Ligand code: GLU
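First, one chain by itself: the form predicted alone, in structure tokens.
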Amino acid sequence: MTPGTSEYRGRLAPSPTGYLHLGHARTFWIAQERALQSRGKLVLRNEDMDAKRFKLEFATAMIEDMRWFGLDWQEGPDVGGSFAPYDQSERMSYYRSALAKLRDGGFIYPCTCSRKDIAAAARAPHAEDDDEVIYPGTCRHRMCDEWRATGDARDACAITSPVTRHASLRFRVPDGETISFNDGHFGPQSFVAGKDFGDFIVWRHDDVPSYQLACVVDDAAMQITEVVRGADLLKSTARQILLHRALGLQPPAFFHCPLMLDEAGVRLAKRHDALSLRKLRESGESPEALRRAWQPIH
């Protein structure tokens, strides 16, 4: 359990960048079942940081479709709670405070590499189950204090000012260290820093926190005791454990669910419009019938 609470606290953390699909619903349902089994609480957090893809219609549909499916939460943007606000776009002060701690601890550095630069690097292969390319370390020698002194990307590490000159901030991973955790579904997991994943972005050049940082900060602030999510985020857990450690936080427990696949064996994504909760609802499907088709996941 997270320090300060003996109560189970789970969370649902959708992003309003498209209509939720059946894979989301199954993961959320498992999260709800685990909260009910533990007689705990479930928190809805609206992860609306992606301004380029976020649409208000998706945020509204997200709550409507989740309610239709039978999901219920005790805290969230629509019902309030002790750890408000529950919209990430309103929690920037939390993220900047955490970023300052990372900067002061020497864990981060400015990076001006583009995605094209990284993809072209020799040691930057894509992992099959991870969308993030292994960073080749081009800017790793740079330190925030040095950049501030020279005037390059002058505000990149200022925390309270917008990032300039297209610099993002990366977390320097401890190369060669094995990050291990016991997953509630998949069992023991281990990833080697610098081999399975590299230095990762914690603050984007458009002046918003990355998923990794925002997730860690919010889970800790909202006293989440178990994170239930898809298996595609197993490697992200290793990254987040490093952030927890750097920030002096206790990681929650983790339970990763197998991904739901379409008929072609491809994992469901928001592009699978026919399997979105909205389409299924409009076609007359019932949540009960959809759930009966699922295999048990423990």
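If you're wondering where the values come from, they're calculated on a predicted model, not measured in any experiment. So that there is no doubt, residue numbering starts at 1 and follows the sequence shown.
What comes next is about the form predicted in complex with glutamic acid, which is not displayed.
Shown here without its partner, the chain carries L44, E75 and A220, none of which come within 4.5 Å of glutamic acid in the predicted bound form through any heavy atom. Interface membership of G18, defined by any non-hydrogen atom within 4.5 Å of glutamic acid in the predicted bound form, is ruled out. Contact check for R9: every heavy atom lies farther than 4.5 Å from glutamic acid in the predicted bound form. For the chain shown alone, H244 is not a contact residue for glutamic acid in the predicted bound form, no non-hydrogen atom being within 4.5 angstroms. Contact check for R34: no non-hydrogen atom falls within 4.5 Å of glutamic acid in the predicted bound form. Of the residues F200, Y211, Y95, Y86, just one reaches glutamic acid in the predicted bound form with a heavy atom at 4.5 Å or closer; this is Y211.
This chain appears without its partner; in the predicted bound form, the one residue of L233, A61, I30, L259 with a heavy atom within 4.5 Å of glutamic acid is L233. With glutamic acid omitted here, the record of contacts in the predicted bound form names 211-219 of 99-107, 169-177, 191-199, 211-219, defined by a heavy atom within 4.5 Å. The partner is not shown here, but in the predicted bound form the stretch 13-29 reaches within 4.5 angstroms of glutamic acid through a heavy atom at A13, P14, S15.
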